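Two forms, one chain: they're shown below as structure tokens, one block per form, named structure 1 and structure 2.
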Structure 1
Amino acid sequence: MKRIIAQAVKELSQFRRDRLTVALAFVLPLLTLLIFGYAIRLEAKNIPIAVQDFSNTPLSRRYTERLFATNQFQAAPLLGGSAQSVLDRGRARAAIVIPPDFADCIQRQEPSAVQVAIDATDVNNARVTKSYIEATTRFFLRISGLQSVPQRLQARIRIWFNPGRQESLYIVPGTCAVVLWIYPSLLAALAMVREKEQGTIVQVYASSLSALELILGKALAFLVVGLSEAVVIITVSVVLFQLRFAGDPTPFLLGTPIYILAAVMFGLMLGTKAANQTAAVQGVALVGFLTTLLLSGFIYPVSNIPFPLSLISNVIPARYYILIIRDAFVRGTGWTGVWFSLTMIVVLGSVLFNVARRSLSRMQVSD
């Protein structure tokens, strides 16, 4: 145990002396949190739409005003052309054409066809735009008393867990999970590869320090660094993005060090296999960052990932930690909702530890 602690102290001393590594550990995670937290928005707003009103009646003007009364749409100027031409030029995401007989048909209680053309280059935003226009049209008909048949069924919808619809409550916890996976693993991988590049790994082999003790010593050191990163990241998230615990915080408090330890083990595993620091960085970026960003449920639901990539998501620890941290700050269900996720992080971390230990043991024997 003393040799493990001595190895950890040595790693922390080297870490403190390297200013570039300290910046990599704390400055870059903060920048990542700020960029992701403020830049990523999943709900489309201020969608430019062009309206061409051939009716030009009080009723058609009220309908147009109702469209722009929401925060979702903004008017795109026609500039002497038709609504369709504005859409074709990319100056609007949707074009609405109100026919000349719009008011007359409605007053005679006859249906009036309003043409809506939507740019479907971005399929997701096209669906959102379509839903917004349909919902606004139904609301306009209801408040104007123009529905000929009263609604027999009314859904009273209440938004649960996040009634204010703050996207930061969804994005920021996921960003914390990505940050706490990438940077501890990157630091651990660089530290392990640096031993091989500088030749100090030979001294370790010549000493009585076993591969298990070396792995545990480095893991303990970068676990301390990772926990420091977690404290900084979570504190900034609480201050800037108003994150608050929604329920029992113990799964989060217990799961965070286990998750960081799994990230460190992942980095040590890559460090034992990489030949130089460039290969280690590329391995963390390709295997760690891309899979965590795209296959963990950070932005897109895991259920939307097609087969066979959906199988890969089952072995990504960030997928399970995202469920834990979002539950802590948004849902608040506690142990009953996240016990399986915590179990999976422990299992995957154990697998990474065994792979790193065996790889280092083979290197020690071969050298």
Structure 2
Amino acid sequence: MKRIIAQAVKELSQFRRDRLTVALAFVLPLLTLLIFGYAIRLEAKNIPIAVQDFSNTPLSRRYTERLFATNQFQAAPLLGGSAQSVLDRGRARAAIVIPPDFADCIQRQEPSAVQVAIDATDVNNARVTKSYIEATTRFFLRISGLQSVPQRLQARIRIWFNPGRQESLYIVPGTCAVVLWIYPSLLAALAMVREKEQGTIVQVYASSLSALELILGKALAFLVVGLSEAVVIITVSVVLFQLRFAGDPTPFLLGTPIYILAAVMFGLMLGTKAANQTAAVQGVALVGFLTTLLLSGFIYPVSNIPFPLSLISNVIPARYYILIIRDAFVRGTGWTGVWFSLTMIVVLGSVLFNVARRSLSRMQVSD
């Protein structure tokens, strides 16, 4: 135990001495949090739409005004081109063509077809644009007294946990999970591989320190670093993005150190396997980013991931930590909802620990 702590203290003082690494350890997580937290918005807003109004009557102008009354759409100039050319140039995501007989048809109580050309390169936005236009049209018909369908059935829709549908409440906790995986593991991997590159690991082998003690010592040091990163990140999230505990915070408070420890183990494991620092960083960046960004449910729900990849997502600790942190800050069910996720992180963390320990002791024998 004493030797583990001594190893951790040595590791921390080495870490402190490298100014660049210390700066990176705190600046990079913050930068990531700010960029992801502010820039990733999935909900389509301000979609540029061009309207070609051949009817040019008070009714058609009212319809056009209605479309741009919310912040979903923004008017884009047609610039004399056709609907297709506006889309080709990417000036608008959709073009609406109101036919010349628009007002006449409606006066005669006959349906008038409005052509809507949608740029479907961005599939998600295309779908949303279509349903916004349809909904706005229905709303237009109702408020202009053109709709004769009685509202016999009404739905009272309540959106729980995040009634204002603030997207930052979805993105920011996920970003914390990504950040707290990538950076602690990156630092741990670098520390491990540096020892190998500079040959100091031979001195460690020659000492009475065992592989287990070496790993635990390093893990302890980077757990401390990771936890201080976590404190910074969470504080900034609370201040800038208004995250507040929604329920019992104990699963989160307990889960975070365990998760960071798992990340550190992952980094140490890659560090023992990588040949040099560049390879270690590449490994962490590639594997870490790909799995935590894409296979964890950070951006889109895990249930959308197709079959062979969905199997991988089951062994990604970030996937479980995202559930815990979203529960702590948004959902608020506490232990009942997340005990399984916490167990999975513990299991996956110990697997990573064992792999790291094994590969390190194998290295020791071969040398």
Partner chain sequence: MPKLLDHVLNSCFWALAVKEIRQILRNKQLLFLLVFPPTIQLLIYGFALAPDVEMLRLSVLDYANSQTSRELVSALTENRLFIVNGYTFSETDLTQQVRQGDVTAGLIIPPNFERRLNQEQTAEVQVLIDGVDANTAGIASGYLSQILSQFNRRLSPEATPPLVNPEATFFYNPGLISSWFFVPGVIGLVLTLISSLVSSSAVVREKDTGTLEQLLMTPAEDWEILLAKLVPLFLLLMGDVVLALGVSKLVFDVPFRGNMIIFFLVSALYICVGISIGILLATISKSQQQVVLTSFFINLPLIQTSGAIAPVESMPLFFRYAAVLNPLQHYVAIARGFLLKGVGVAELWQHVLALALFAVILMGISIKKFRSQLN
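Rigid core here is just the name for the largest C-alpha set that superposes within 1.5 Å across the two forms. Here, residue number means position along structure 1's sequence, counting from 1. Everything numeric here is computed off the predicted structure, so don't read it as measured data.
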Answer for which single form is the form predicted together with its partner chain: 2
Cα displacement of residue 89 between structure 1 and structure 2 reaching 2 Å, rigid core superposed: yes
Flag for residue 336, CA shift 2 Å or larger between structure 1 and structure 2 after aligning core: no
Rigid-core frame, C-alpha of residue 313, shift of 2 angstroms or more between structure 1 and structure 2: no
Rigid core superposed, the C-alpha shift at residue 55 between structure 1 and structure 2 in Å: 2.4
